[in-house]
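Have a look below at one chain only, the form predicted alone, in structure tokens format.
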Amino acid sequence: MKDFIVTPWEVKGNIDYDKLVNQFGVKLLKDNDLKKLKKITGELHYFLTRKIFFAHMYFDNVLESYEKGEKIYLYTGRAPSGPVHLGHIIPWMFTKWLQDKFKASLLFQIPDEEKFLFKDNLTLEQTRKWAYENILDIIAIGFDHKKTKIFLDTDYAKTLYKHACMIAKKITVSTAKATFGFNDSNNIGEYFYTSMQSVPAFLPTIFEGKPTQCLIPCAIDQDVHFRLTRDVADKIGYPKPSTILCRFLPGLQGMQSEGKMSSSVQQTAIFTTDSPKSVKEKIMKYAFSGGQPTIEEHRKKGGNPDIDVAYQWLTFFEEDDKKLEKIYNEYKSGQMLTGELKQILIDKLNVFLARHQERREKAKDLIDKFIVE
């Protein structure tokens, strides 16, 4: 197994999720956790049954509070630096499901200062522009505008900053260095930023005027930020925020060659605004295949769906378990060829994107219903 890198700003390599769970100190979701959740929701999202969302911290606290009739909040975010790709929206899709099931208020943070602080080639004007483009994709997911607050850090700072200062005072430079791998060359904005990202986890308690649970659905690379948030919580008198964590949607060339999908490798990422032609060209040309070198050999030996990117993507986007199992078996037996498998994914994504793009266009008239300043 090759080494892998997972930080809030970089994901590379073929990720060993069991090793990552131990490294990050998080917990695997157990059957008992899912039983408790199903008792509340009546069903389980396929992201859970397929272990796409697979780990957590303090999720049991959220379930216990909800069962007592207490209000819970959801919190997630998007740091704007470019267009939204399909990997970005996986946590949002699950967050929408949670909002529907728990009738929960959602705080959606747009940290437009983060990418400015961490990237040399972005201005605040550029991150703000991308923020509004990205918000269209967020709204298109279908969140309830009556229960959703979307805010840009630079606008909402009047609410966030005071609390960020309280948090920052409890985090030492040595802790930040140990947690994020910072050194003396990092600018001081990078050190302070994690305080701003922590604040929305405490806003539910601040808004409600009493201890209130906050659940953060996100990819596992972001839990590092909330490890610090949990450490600070006790020191300033707030409940520890909970996280529920997902795997990464791989880039088209697979996790081993490029890690999770990245906007910086545009030819192997599918963006929410891509045309049907572009989707087809990218998948046919770049999607890593688990098939054999020749048709004859493939018919004889079968393909390997466990490493085939088209199949891996279908586990994220094909909701029907029986259909997915049929595809798996036919590909593995050699009955289905790589080109046929890729075409199934192309058709699935183009239907998904057509609907998303239609909602994204309508979202232009809805922004004011979601954004708070």
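All residue numbers refer to positions in the sequence shown, first residue = 1. On a predicted model such as this, the values are computed, not experimentally measured, just so you know.
Omitted from view is the form predicted in complex with a small molecule, to which the following refers.
Are any of the heavy atoms in L86 no more than 4.5 Å from a heavy atom of the small molecule in the predicted bound form?
No, no contact at 4.5 Å.
Check whether I216 has any heavy atom within 4.5 Å of a heavy atom of the small molecule in the predicted bound form, and answer yes or no.
Yes, contact at 4.5 Å.
Using the partner position in the predicted bound form, report whether F288 sits within 4.5 Å of the small molecule, counting heavy atoms only.
Close contact is absent here: in the predicted bound form, F288 is far from the small molecule, nothing within 4.5 Å, heavy atoms only.
Looking at the partner-bound form in the predicted bound form, is G303 within 4.5 Å of the small molecule by any heavy atom?
Although the small molecule is absent here, G303 would stay clear of it in the predicted bound form, with no heavy atoms inside 4.5 Å.
Exactly one of T272, S242, T76, S105 has a non-hydrogen atom within 4.5 Å of the small molecule in the predicted bound form; which residue is it?
By the 4.5 Å heavy-atom cutoff, the listed residue in contact is T76.
In the predicted bound form, do P111, K115 and Q222 all reach within 4.5 Å of the small molecule through at least one heavy atom apiece?
The answer is yes: all three residues contact the partner (heavy atom, 4.5 Å cut-off).
Want to guess which of 137-145, 78-86, 280-288, 119-127 is within 4.5 Å of the small molecule in the predicted bound form, heavy atoms only?
That would be 78-86.
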